[in-house]
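Only one chain is shown below, in structure tokens, and it's the form predicted alone.
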Amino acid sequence: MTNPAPGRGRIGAGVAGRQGSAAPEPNFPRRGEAAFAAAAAATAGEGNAPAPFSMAPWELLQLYTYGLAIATALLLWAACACGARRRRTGEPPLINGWIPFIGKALAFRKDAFKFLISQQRKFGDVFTVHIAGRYITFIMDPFQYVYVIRNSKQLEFSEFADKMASRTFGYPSLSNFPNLNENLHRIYQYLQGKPLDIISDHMMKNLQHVFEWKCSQATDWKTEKMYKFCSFLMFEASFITLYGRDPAADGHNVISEIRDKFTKFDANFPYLAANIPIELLGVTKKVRKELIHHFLLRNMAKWMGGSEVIQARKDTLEKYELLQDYDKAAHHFAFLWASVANTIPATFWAMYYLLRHPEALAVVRDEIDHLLQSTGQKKGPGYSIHLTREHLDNLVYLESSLNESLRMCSSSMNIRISQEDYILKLGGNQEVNLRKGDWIALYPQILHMDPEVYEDPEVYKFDRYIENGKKKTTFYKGGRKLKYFLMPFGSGISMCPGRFFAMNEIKLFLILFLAHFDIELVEKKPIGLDNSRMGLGILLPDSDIACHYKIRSF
């Protein structure tokens, strides 16, 4: 990877003349000539001298229409090309692309990682790309991340997040309600410290209950699709932990109904995040409305055993009388999505990689068994397991294996919006001129797959984050220590506030399953990453895979 040359100066000063990628001449089909030739052939007599060329009125009209369409397209393309952004002094190299508005969106969506690496090789560690009407400046050097992350005044995130969330989940902008954003954010204290211990303990009990209900009869091998299996268990346990259940109804059926609708909605989430109107996404709007209906206050009032964090959100939202009941319910649905949409695929990948690597599975299972034995806890159906935060922190091989799977499957894009024309000062006396409204992006997957930071980055190494039997937190690039080396949960003001609970949930799932069950993959096919969610968090698998499990013999 190339770094900018040392010495004070503006980014791109040594790349003079690069005004973005050159626009190739469009290669339009010459349909007018084809029509002329077809007409000439049609009027040629068989076995006689060709008749003078003539065209029927409708053929002339068709030819005229084709020509007009091509001319209009050329004029529109030329107008857009002439109006395309031009690089100014002090700005990073600009990659416009030749397709108006679209820019480089197609190449980015096809494979963002490969696209960004290729642009880095051409233009260096800072460059601006035109993607679907947005100009995004990518900072590729991880040593420069800190200058973006700490600059929260000029490089803002909250407004961007509010617009995207309100559009996606169907509630009015938080900016319409004084202090609502701050009040909701303050509630995340219930996912830290002592409250985190309480909600994690409830999650452990609910997971054990769901495991027992779902798996206790598996005295012989039982086959399931693994992603579907992880989704069922994690969604149900998470839902009960956060929202409780209706004691007067069949809780499993109700939650399964919500999960099925959630899966349909989530399948189109990338399109909503890309600002595609929900009206163009089939039944997605109807499904979202049905999901939100479940969270109306009159329905939530029936649920018993919910968490402090949800009760605090209900109390806060009730203080805003201008918020309609539907809007409040939409907020609760958005919180559910944030709680499980990335946790479920992260759980799948953690389990998948362990099963793909028997040596890793053996070490992690042995660590869990040793902890349970040392704390006097018995394994198997009918026995409850209780683990404290200290117990979870001591499972260093479990945490390392989880971090390694997150490194390999996370694809978040950390975005900030420039609030004004602004000069961003970077390390090494470098400066970048930004325009108001430009996006600034960090793409940590580049860091996660950097061979200078991680040896053999495409290889799963369950003990990569362990050194001398303890957690390894020191990583280097080019001989320099990195401040940021693993970023599956974002950074700075955009860092996921529920990350500690999410990590605990996945650890608890793995502990319970590996303590109570034997599990093996039935299929040997490799599973790849579904790139449709590039930039949005944890990537889903490109297909499901069969596994079978049974109760362990003790």
Ligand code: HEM
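The first residue of the sequence shown is number 1, and the count goes up from there. The model shown is predicted, which means the values in this text are computed figures rather than measured ones.
The same protein also has a form predicted together with the ligand, omitted here; what follows describes it.
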Practice problem: State yes only if every one of Phe489, Ala502 and Ile538 has a non-hydrogen atom within 4.5 Å of the ligand in the predicted complex; otherwise state no. | Solution: yes
Quiz prompt | Which of 339 to 347, 452 to 460, 384 to 392, 278 to 286 lines the interface with the ligand in the predicted complex (heavy atom within 4.5 Å) | solution = 339 to 347
Self-check item: Close approach of Ser401 to the ligand in the predicted complex, 4.5 Å, heavy atom
Solution: no
Quiz item: Does His185 reach the ligand in the predicted complex if we count a contact as any heavy atom within 4.5 Å?
Solution: yes
Practice problem: Find out whether any non-hydrogen atom of Ala515 is located within 4.5 angstroms of the ligand in the predicted complex, and reply yes or no. | Solution: no
Exercise. Answer with yes or no whether Phe335 is in contact with the ligand in the predicted complex, where contact means some heavy atom within 4.5 Å.
Key: yes
Quiz item: Here the chain is shown alone; which of Leu191, Val210, Val363, Leu116 has a heavy atom within 4.5 Å of the ligand in the predicted complex?
Solution: Leu191
Quiz item: Looking at Ser405, Ser412, Thr137, Thr241, which has any heavy atom no more than 4.5 Å from the ligand in the predicted complex?
Solution: Ser412
Quiz item: Which residues in 490 to 524 have a heavy atom within 4.5 Å of the ligand in the predicted complex?
Solution: Gly490, Ser494, Cys496, Pro497, Gly498, Phe501, Ala502, Glu505, Ile506
